[in-house]
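Next comes just one chain, in C-alpha cells: the form predicted alone.
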Amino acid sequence: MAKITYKHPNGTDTVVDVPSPNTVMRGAKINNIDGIEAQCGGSAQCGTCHVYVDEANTLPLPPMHESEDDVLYGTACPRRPNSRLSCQLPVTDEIDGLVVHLPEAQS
C-alpha cells in the first residue's frame, strides 16, 4: 500500500492509501478523486489520466514507454518534463508518499 497525494489545481490536496497492484490512475478512480477521467480505462491511449509528478520527487518510477511518450503529446494541458500518464504508474510500497499534480483539464 502506498499513500498518494493528488494536488488539485485549486490548491487542495487529497491524500489516499492505494493498495497494490493498482495504478495511480486506478487509485484516483476508486477514491472518487476529480481530475482523472481515464476514458480508455488505463491502456495508455487517451491521455485523460495525465498528471505532473511533483518536481521534488525522488521515488523510483518506471521508465516511460514509447506509447506513453506519444500520448503525452496530445494531452489537453501542456506536456511538461514531469508529465506522466497515471495509468502507467504502478502502485508499489516503493512509491509511498508520491505526490502528483492534476492539470486544469483532461479533455
Partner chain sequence: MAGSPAPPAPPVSSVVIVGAGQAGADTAAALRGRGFSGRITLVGEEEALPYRRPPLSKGYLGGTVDAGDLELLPASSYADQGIDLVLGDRAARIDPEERSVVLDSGTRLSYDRLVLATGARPRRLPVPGADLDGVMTLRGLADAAALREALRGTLREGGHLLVVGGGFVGLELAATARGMGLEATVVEVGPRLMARALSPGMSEHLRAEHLRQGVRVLLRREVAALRGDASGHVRVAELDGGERVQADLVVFGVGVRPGAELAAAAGLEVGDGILVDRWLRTSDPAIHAIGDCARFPSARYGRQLRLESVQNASDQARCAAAAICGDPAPYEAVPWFWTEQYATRLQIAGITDGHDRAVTVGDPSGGRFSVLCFRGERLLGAESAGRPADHMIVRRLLAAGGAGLSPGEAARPGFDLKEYQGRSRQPA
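No experiment lies behind these values; they were computed from the predicted model shown. Residue numbers count along the first chain shown, from 1.
The same protein also has a form predicted in complex with its partner chain, omitted here; what follows describes it.
Q: Looking in the model of the complex, any heavy atom of Val53 within 4.5 Å of its partner chain?
A: Contact with its partner chain, no.
Q: Contact with its partner chain in the model of the complex for Cys40, defined as at least one heavy atom pair within 4.5 Å: yes or no?
A: Contact check for Cys40: yes, within 4.5 Å of its partner chain in the model of the complex.
Q: Although its partner chain is absent from this view, report whether Leu59 comes within 4.5 Å of it in the model of the complex, heavy atoms only.
A: Contact check for Leu59: no, nothing within 4.5 Å of its partner chain in the model of the complex.
Q: With the cut-off set at 4.5 Å between non-hydrogen atoms, does Asn31 touch its partner chain in the model of the complex?
A: Looking in the model of the complex, residue contacts with its partner chain include Asn31, since a heavy atom lies within 4.5 Å.
Q: Judged by heavy atom distances of 4.5 Å or less, which residues of 88 to 107 approach its partner chain in the model of the complex?
A: Only Ser107 sits within 4.5 Å of the partner.
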